[in-house]
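The chain that follows stands alone, in the form predicted alone, written as structure tokens.
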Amino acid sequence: MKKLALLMTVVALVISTPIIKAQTIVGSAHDFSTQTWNTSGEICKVCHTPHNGSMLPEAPLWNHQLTTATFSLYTSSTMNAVVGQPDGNSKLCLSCHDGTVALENFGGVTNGTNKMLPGDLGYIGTDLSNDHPVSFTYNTALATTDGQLFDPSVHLSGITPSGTIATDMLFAGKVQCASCHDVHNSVAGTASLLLKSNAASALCLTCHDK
């Protein structure tokens, strides 16, 4: 009887536990294996390489040329954060999305011609003045001063069962592109590579207390 009761308990837990579907970069917006400019036909190699990559703290074995652009930054009279030039993983993202570096400039190539252009899906350019700010410190002090942000050290992210904004979404305490976007499409599998669905502004309301 004890074994039967234990088995029934396990079955009940399995049935009641949400099934999380594994996602993958294959077939996502970051699957470049079929692009004509990617002569290697590999997915990962555009950004990473198993040998002789750059040892960046933001990404292992980085393989893509980095942007050197100077960006126009977001400003607002109501913003309390101090925003600087993109750094961390935001700079890695912009090394394709700003349109100044060719997509095929990886593996030592620096003379590529296939750059993202205005009108292309994912093109951001160097004018970030109308985009959500990145590369700024988001901490308890900022949340307190702002008054309309959740404390990232205690407020849950909704991405992992018990993880906070700070542990699940910030990088060295900063908001970066990857705070909202999952470049490997491994979590939510959304069309815009978001960390979670933004239905009813759910992603926005993770941090913003409105």
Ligand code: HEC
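For clarity, every value in this text was computed on a predicted model and none was experimentally measured. In this text, residue numbers run from 1 along the sequence as written.
Not pictured, yet referred to below: the form predicted in complex with the ligand.
Original post:
Exactly one of 76, 72, 113, 110 has a non-hydrogen atom within 4.5 Å of the ligand in the predicted complex; which residue is it?
Top reply: None of the others qualify; the residue that does is 76.
**OP:** Answer with yes or no whether residue 188 is in contact with the ligand in the predicted complex, where contact means some heavy atom within 4.5 Å.
**Re:** Answer no; every heavy atom of residue 188 is more than 4.5 Å from the ligand in the predicted complex.
Original post:
Does residue 118 make contact with the ligand in the predicted complex, using a 4.5 Å heavy atom cut-off?
Top reply: No - in the predicted complex, heavy atoms of residue 118 and the ligand never come within 4.5 Å of each other.
**OP:** Answer with yes or no whether residue 80 is in contact with the ligand in the predicted complex, where contact means some heavy atom within 4.5 Å.
**Re:** It does: once the ligand is placed as it appears in the predicted complex, residue 80 has a heavy atom within 4.5 Å of it.
Original post:
Quick one: does residue 48 come within 4.5 Å of the ligand in the predicted complex, counting heavy atoms only?
Top reply: Taking the distances in the predicted complex, the answer for residue 48 is yes, it comes within 4.5 Å of the ligand.
Original post:
Which residues in 94 to 116 have a heavy atom within 4.5 Å of the ligand in the predicted complex?
Top reply: Read in sequence order, the residues that approach the ligand (within 4.5 Å, in the predicted complex) are 94, 96, 97, 103, 116.
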